[in-house]
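The chain below stands alone and is given as structure tokens, in the form predicted on its own.
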Amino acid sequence: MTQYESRIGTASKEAIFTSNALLSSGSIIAPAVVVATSFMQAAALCIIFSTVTYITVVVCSYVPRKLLYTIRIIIYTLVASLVYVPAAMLVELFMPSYFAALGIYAPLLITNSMITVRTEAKFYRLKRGYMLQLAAFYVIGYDIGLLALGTLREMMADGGLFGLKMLPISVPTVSSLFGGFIVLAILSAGFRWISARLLRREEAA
């Protein structure tokens, strides 16, 4: 295995498994539990989140570290706002009903913690090449968790996906805010259990 492959493997394991932004560290929960009640709504949120977060992280990595922290955060938010506009227009064009369902939680992604906190605490302390890879995996990790949450809630609430009945169940409560927290907690617990088992297996090998 080359050094590059090893670095990619380390970045993906950390971002997707060890420190998954939604299922492990519990970041950016509000949009997930409120909006991700189906696969398609989760997908719409993923598109906006991924576009806004990654482009903002990349662009703002060129902001001088000598600037005051407060000024840097203002710049991050301003850049995220500018990126949000075309991203939101794109989702609204192709997924109008799902975009409307996102409500206020779509623009709130402009100030998500991966932009305002993790950039300063982690990303910008790393070499640029590795930072860009790690940031991409963090975004992918959050997207995986969000899509899993939306899929599970839709399956439990409707007994299927995309209007197709697959299971003889119907638990409408999972579409509520309370139900979202419960499903996310169960999903997070399962994810952490699987991650711990994989880690122990790696250490044993």
Partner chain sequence: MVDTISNSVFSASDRTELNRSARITLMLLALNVMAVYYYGARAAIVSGIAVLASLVTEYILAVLSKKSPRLCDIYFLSDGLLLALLLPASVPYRIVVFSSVFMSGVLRFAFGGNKNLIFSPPAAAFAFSAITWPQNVLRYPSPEPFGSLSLVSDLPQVLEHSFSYNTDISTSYTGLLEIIWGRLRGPMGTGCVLIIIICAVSLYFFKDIPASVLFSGTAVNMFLFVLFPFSQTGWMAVLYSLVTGSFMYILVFLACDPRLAPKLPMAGVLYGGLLAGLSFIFRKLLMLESSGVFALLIVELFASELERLSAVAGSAWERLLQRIKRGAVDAFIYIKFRTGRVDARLEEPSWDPRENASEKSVDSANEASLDGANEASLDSANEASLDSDLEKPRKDASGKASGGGASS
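Numbering follows the first chain given and starts at 1. This structure is a prediction, so every number in the text was calculated from the model and none was measured.
There is another form of the same protein, the form predicted together with the partner chain; it is not shown, and what comes next is about it.
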| item | value |
| --- | --- |
| In the model of the complex, the residue from Val171, Leu152, Ile140, Ile29 that sits within 4.5 Å of the partner chain by heavy atoms | Val171 |
| Option touching the partner chain, based on a heavy atom within 4.5 Å in the model of the complex, out of Phe162, Tyr69, Tyr62, Phe178 | Phe178 |
| Contact flag, Ala196 vs the partner chain in the model of the complex, heavy atom cut 4.5 Å | no |
| Partner contact for Leu187 in the model of the complex: the partner chain, 4.5 angstroms, heavy atom | no |
| The partner chain in the model of the complex: contacting segment from 141 to 149, 163 to 171, 29 to 37, 46 to 54, heavy atom within 4.5 Å | 163 to 171 |
| Members of 56 to 72 lying within 4.5 angstroms of the partner chain, judged by heavy atom, in the model of the complex | none |
